[in-house]
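Next comes just one chain, in structure tokens: the form predicted alone.
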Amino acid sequence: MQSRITLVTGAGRGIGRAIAVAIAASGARVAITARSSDQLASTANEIEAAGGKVLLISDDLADRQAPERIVQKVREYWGPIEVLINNAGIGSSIDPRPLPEFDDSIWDLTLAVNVTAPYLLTKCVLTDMLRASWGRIINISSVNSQVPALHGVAYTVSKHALAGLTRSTAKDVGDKGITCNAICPGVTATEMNDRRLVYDSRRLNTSVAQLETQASPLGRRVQPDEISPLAVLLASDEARAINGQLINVCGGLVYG
């Protein structure tokens, strides 16, 4: 990964932050983006304190023009992106409701950030990757790309769509030195999942602590830094034969 130019979206907190820190520690130059400049600055400080190289880009991927802006800023600062990690996402915790009551605006926002933004970012970086005959695209999906999330129709649909984008990309460019894979976390200890656990605890009349013990056969939630090593592997030369895969990191919650 030495000096590879990498973009990690949604890197202000949670899984994205853990991946950005781990990728930087592997020797890559890491551009990080999210809506919150304060959270991005915190991630950047951690990377720089460890001797890594980082570029901050605050933007909102719900804006259809953001992917092109972000990719161009990285290109102007360092050069073409070699590793794209599509992590930014809207979770089911934003406004969980049964399907008949689901908020159409949440549907639109979720699909824009979870599907359209990765699609546009992938299109933006592929021209340079094809020219170089090398590239890595890693989509952070979810086990909900395989099993549904209750009261989270937009999230479930978006993660199924991201699985399709992963496989389609892998099929299109796999013979050009470029791989595309998805990491599918299970119930992970993030701020986004904290909110979902609070919702489920009220719905089920149980405690958050009890739900955490049921999050996986490990008896706990997955930690973000248990997901990031796989991202580092998939971004490396050594992973050149891994393509078009959806890989679960869920503590055994889902088998497949």
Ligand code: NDP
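These numbers come from a predicted model, not from an experiment. Just count from 1 along the sequence shown to find any residue number.
We do not show the form predicted in complex with this ligand, though everything after this point is about it.
(request) Assess the spot marked by R13, D59 and P185: is this ligand within 4.5 Å of a heavy atom from every one of these residues in the predicted bound form? (result) Yes: R13, D59 and P185 each sit within 4.5 Å of this ligand in the predicted bound form.
(message) Among the candidate stretches 98 to 106, 170 to 178, 136 to 144, 75 to 83, which one is within 4.5 Å of this ligand in the predicted bound form when only heavy atoms are counted?
(response) Result for this chain: 136 to 144.
(request) Report the residue, out of R220, R35, K53, R69, that has at least one non-hydrogen atom within 4.5 angstroms of this ligand in the predicted bound form. (result) Filtering the options by heavy-atom distance leaves R35.
(request) Go through M192, L211, A41, V198 and name the one with a heavy atom inside 4.5 Å of this ligand in the predicted bound form. (result) Of the listed residues, the single hit is M192.
(request) Please run the contact check for A154 against this ligand in the predicted bound form: heavy atoms, 4.5 angstroms, yes or no? (result) No - in the predicted bound form, heavy atoms of A154 and this ligand never come within 4.5 Å of each other.
(message) Even though the partner isn't displayed, in the predicted bound form is A88 close enough to this ligand, meaning a heavy atom within 4.5 Å?
(response) Looking in the predicted bound form, residue contacts with this ligand include A88, since a heavy atom lies within 4.5 Å.
(request) Answer yes if any heavy atom of V113 is within 4.5 Å of a heavy atom of this ligand in the predicted bound form; otherwise answer no. (result) Result yes; V113 sits at the interface with this ligand in the predicted bound form.
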